[in-house]
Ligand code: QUE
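Before any questions on binding or motion, here is one chain by itself as structure tokens, the form predicted alone.
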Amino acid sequence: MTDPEEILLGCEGGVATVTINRPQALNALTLANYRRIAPALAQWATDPTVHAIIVRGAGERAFCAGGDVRAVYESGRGVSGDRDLTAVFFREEYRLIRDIHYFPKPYIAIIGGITMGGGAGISVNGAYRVATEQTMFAMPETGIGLFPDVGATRFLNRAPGQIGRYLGLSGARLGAADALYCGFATHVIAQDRVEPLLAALTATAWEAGAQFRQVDTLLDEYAVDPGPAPLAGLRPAIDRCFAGDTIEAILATLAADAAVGGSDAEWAAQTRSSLLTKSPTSLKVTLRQLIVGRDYDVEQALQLEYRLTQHFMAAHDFYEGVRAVLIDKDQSPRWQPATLAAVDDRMVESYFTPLGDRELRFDA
């Protein structure tokens, strides 16, 4: 059981609040945390006195660094007593994300600080995502032997050009301007204006049926121009290098760009080098995921991702990646297979095999 103080719930002035209160863990979310948030959202969805929801993280470092993958690792390794967590964690996380996506009232996530993985799941899939100059957004899953999930099949594909492929495969980190450019943030405000914004929301005289318009107006008043998005300048190179439908083709184009020289040569060389440190299986499955799910809605995306999680939970690289990054912290994962050449098409397709009666389903 979780300490209920890890998730702080409140309501003032018609605005309900969720604060993830695990700053020592960069506000990473446990299954018990999800189980506290989900019923609160369900209640607020039908409560006529609640007009908007604010979700934020405690402390100054993170909105939410993701889901508690260490607990999932321990479950899969048989270290913890809950052997079902490898299925239950993702199932309940994804159901909450689906509820957030369809939430009938303004859902406003304040994504200051680190926002990764599950933190992206509970923000990008909602109506409003407010970044600050402290925002650091990333989907780093290929570096721990997994794949970008929590609806990323959909939201990465909605980024401009091939940028979603680049971010999903490389785990590159974004600031506020890039998050806005990609659509992961809807607004950017100064960090020192967050509290005044929240005060203005709670002081709003809410009008029936006009809540979204009122939130739009208020956020526009507080929004600032974050300046040019570095990704916009890189987009021609990203679109060229990540257009290939195989990882090998992407790496070859990056190598060619690095060899030619020019303004993007250093980026191409660094990106290629970074990709070669990721799980070969994760890279190939992720690229296939983004191609297959190019036009998926949020439910199709989450159902595909759940299927993939269960195949990854039965394989090697997730456990090795978590060991190397979070447990032993030697940063030297030993992937199996160790090379891209050893990950053939048949192996990739096996991750997309239906689960039968274990598939993720949503209530009508």
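All residue numbers are counted from 1 along the displayed sequence. Values in this document were obtained by computation on a predicted structure and should not be read as measured data.
Only in words, not in the display: the form predicted in complex with 3,5,7,3',4'-pentahydroxyflavone, which the text now covers.
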* To do: Would you mind picking out the stretch of 320 to 328, 301 to 309, 47 to 55, 335 to 343 that comes within 4.5 angstroms of 3,5,7,3',4'-pentahydroxyflavone in the predicted complex, counting non-hydrogen atoms?
  => 320 to 328
* Even though 3,5,7,3',4'-pentahydroxyflavone is not shown here, does L355 get within 4.5 Å of it in the predicted complex, heavy atoms only? -> no
* Does I238 make contact with 3,5,7,3',4'-pentahydroxyflavone in the predicted complex, using a 4.5 Å heavy atom cut-off? -> no
* **Contact of I144 with 3,5,7,3',4'-pentahydroxyflavone in the predicted complex (heavy atom, 4.5 Å)** => yes
* At the 4.5 Å heavy atom threshold, is M116 in contact with 3,5,7,3',4'-pentahydroxyflavone in the predicted complex? -> yes
* Structure fact -> Picking from L41, A315, L31, V69, the single residue whose non-hydrogen atoms come within 4.5 angstroms of 3,5,7,3',4'-pentahydroxyflavone in the predicted complex is V69
* **Partner-contacting position among P280, P106, P140, G76 - heavy atom within 4.5 Å of 3,5,7,3',4'-pentahydroxyflavone in the predicted complex** => P140
